[in-house]
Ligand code: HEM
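Taking the form predicted alone, here's one chain by itself in structure tokens.
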């Protein structure tokens, strides 16, 4: 095992369940949250009750149901997704993000999703990749200097900073400099400086929406053209009415993207560096691929097809350490799947973390093995046994950008640097809103010969 939270590798019931039989579940009342306590409780119950089990909720109305069966997950997220809306826990996220596409539902969500989707097309990501290249080069220059001094770095802090800068530049492009100048630094750094995701932080973060509003106002008055997410969102039109987003809607989507686009990417970058340092054979193969690629210095979007193994490494990290380890849905009407009856109002709990460790779908689930995601192996996978970005219509809109961001980062860094893991803290999971490390990860930098 690579972490201290889960130490039992035999955590799943391997025999298929007959959902037509009465389901066994815990005999206590309990409200599941995105906390370490709930993580440990679910871990115990998954081992005891298997793939699907009821949860009697303590304070919430309606029954609860934990689902760790990919066929049932496919039904809920894809086949009959219209019967399921966002579930419990999103009210806390809404305080932080407003009514962006992560938390909105129904007709409003569909409208927003349609308007935003073109901004995440391949051509746009190719253009924004140039910004990612530039920011990676800045970090490489500083890391090379530190490597010559045999220095150590807090890779958790570094990747937090890098991911936040990438999403801010992708949103605001050249306006980032103005934001920093007018606020004596990066005002959005509160997200990296404070790991708490409570009401206090939500109030501080929502206060920054005035900055986004000012940028939107200035751009409405300017004729300057930019290729960034804010400009694309402002130019988007509802296909039915021809109307643009209101300022409130724009602000909510931008604030959503700042958090979602930085925190999940930072978490993944952090875990990839750790995984490479702990698996020298994987690192050596990744470096070989990078060395043989056709680019001279820094990979661009046009080179990502030359880095398939790097993609496999990232996908395996997302399997073992999915940034969003738990999400929820709520049933609108009664439903039935594979003999399982789901009552109206049922809160559904789905955990990519536990789904990705199911031994029926992932042999030796605790083993770090990027070959699981080779082209041939991927064909044999159950598609909803792997859900780091969720699935169906509400699959993460930025999934492709996230993978490209990682390929560009490691495609550059691994040509020039190696990082050695310094064991100054135990590697322990912090399963809260995102699956972070409890303690920062320290790395010693080495220049490659």
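What you are looking at is a predicted structure, and each value in this text was computed from that prediction instead of being measured. Numbering follows the first chain given and starts at 1.
Just so you know, the form predicted together with this ligand exists too; it's not on screen, but the next bit is about it.
Proximity of residue 172 to this ligand in the predicted complex: non-hydrogen atoms within 4.5 Å are absent; the residue sits far from the partner. For the chain shown alone, residue 75 is not a contact residue for this ligand in the predicted complex, no non-hydrogen atom being within 4.5 angstroms. The shortest heavy atom separation between residue 397 and this ligand in the predicted complex is within 4.5 Å. Among heavy atoms of residue 355, none comes within 4.5 Å of this ligand in the predicted complex. 327 is the sole member of 327, 274, 205, 373 with a non-hydrogen atom lying within 4.5 angstroms of this ligand in the predicted complex. Taking a 4.5 Å heavy atom cutoff to this ligand in the predicted complex, the contact residue among 35, 381, 390, 41 is 390. Note that among 83-91, 238-246, 277-285, 185-193, the stretch whose heavy atoms approach this ligand to within 4.5 Å in the predicted complex is 83-91. Heavy atoms closer than or equal to 4.5 Å to this ligand in the predicted complex belong, across 154-178, to one residue only: 167.
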